[in-house]
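The chain below stands alone and is given as structure tokens, in the form predicted on its own.
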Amino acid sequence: MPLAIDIERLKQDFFELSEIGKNPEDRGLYRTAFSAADMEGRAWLRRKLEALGLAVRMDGAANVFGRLAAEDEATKTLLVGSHLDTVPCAGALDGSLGVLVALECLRTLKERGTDGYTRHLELVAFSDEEGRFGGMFGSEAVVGAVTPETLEYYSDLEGCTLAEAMTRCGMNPLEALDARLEAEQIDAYLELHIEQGPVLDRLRKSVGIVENITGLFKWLIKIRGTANHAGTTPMEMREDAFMGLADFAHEIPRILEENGAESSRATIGRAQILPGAPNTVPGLVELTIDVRDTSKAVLEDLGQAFHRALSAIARRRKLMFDYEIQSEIEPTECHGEIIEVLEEEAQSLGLDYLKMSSGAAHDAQIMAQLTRIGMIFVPSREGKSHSPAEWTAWSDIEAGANLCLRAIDRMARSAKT
């Protein structure tokens, strides 16, 4: 009988988990990192893993692990998973689907038996992938990128620090510093995720095999002018911070065209005008810009171009500006051997697949600092994500899960891949 997951069992897990943190009014999930709902979701997963008879633990960064040991002698582990936390008013698939598929794959393989495996299998559900505190905290802890300063100075939009949030959950924040894994322990990391974009859906492809993951930088920019009376200050005498923002926003398409590439993206996602009175010329504008590309060189060019644009605008408008780098993630290549395994297994399953880039950041690119990585995408209906409208057809979920299962089985048997 062909090796395959039980889609009905996966559905049951999905429906149970999707109730945790759900708001009955807008139907969105509110399972933000280190909230009560987030910790409830982690407790739910631990119960599922314990019922399966796996070795279960939660490290000091709140990452949950479930280990299926190989029956034969093995020295390395194949990690499979994603994250359970959500943005506010989220859908039920982002991150969670990858964890649920990993759970079902390990359940299926345990039932079948792991005789002949040269790798242990371990599910991982990372914490705070969605960046409530500015980064991908769980996977960053695993690769050893977390410091005491991270815990004390990273804060959310309400000013709550990471250490404070962890303490409220009954955790000792400093224990996150012990979450690091060593490279020699890990053979590879595999993650299934919804695409969060429209490409697979529009092309009617069952799955995507990710070749590379975008890098990004996020800046908090402050443009400073002079607040003044809207009626008495002549237009030519103004130092209007908002006009600086307007000019900068208008420059984005030109900069992308001249300095970017086809995969380049730039977004002003938030702007605040101060003092914010209808009859006052704005004296300060604070804005964020999110810039992404799959090439490190292109990202560097874009950063320089945006800086030059801000300088020119400030001179022309008699303004001042400064910016703070909120986050930087380098572009990441998925491992060629894992891509080859996924392609061959997709072909053997008769799947209509697409090799593609990821425009969103994922735990996988943080894990690339530690080990080989691979990613599987399943289509997002109409490209919608970070919304209760987020959805993927069960037939596509089943196709992606079976591809993940077959890849895990093959990689766990091979000393090379």
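We call the rigid core the largest set of C-alpha positions that still match within 1.5 Å between the two forms. One-based numbering along the sequence shown. Quantities reported herein were computed from a predicted structural model and do not represent experimental measurements.
The same protein also exists as the form predicted in complex with another copy of the chain; that form is not shown, yet it is the one meant from here on.
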{"property": "4.5 Å heavy atom contact, Lys110 and another copy of the chain in the predicted complex", "result": "no"}
{"property": "Any non-hydrogen atom of Leu157 within 4.5 angstroms of another copy of the chain in the predicted complex", "result": "no"}
{"property": "Residue contact check: Gly116 to another copy of the chain in the predicted complex, 4.5 Å heavy atom", "result": "no"}
{"property": "4.5 angstroms heavy atom contact with another copy of the chain in the predicted complex for Pro282", "result": "yes"}
{"property": "Selected contact from Leu174, Ala249, Ala312, Ile325, since only one has a non-hydrogen atom within 4.5 angstroms of another copy of the chain in the predicted complex", "result": "Ala249"}
{"property": "Sole residue of Ala145, Ile221, Ile329, Ala271 within 4.5 Å of another copy of the chain in the predicted complex, by heavy atom", "result": "Ala271"}
{"property": "Interface stretch in the predicted complex with another copy of the chain - options 342-350, 271-279, 294-302, 148-156, non-hydrogen atom within 4.5 Å", "result": "271-279"}
{"property": "Another copy of the chain in the predicted complex - contacting residues of 218-235, heavy atom within 4.5 Å", "result": "Lys218, Asn228, His229, Ala230, Gly231, Thr232, Thr233, Pro234, Met235"}
{"property": "C-alpha of Pro148 moved at least 2 Å between the shown form and the other one on rigid core", "result": "no"}
{"property": "Core-superposed C-alpha of Asp201 shifting 2 Å or more between the shown form and the other one", "result": "no"}
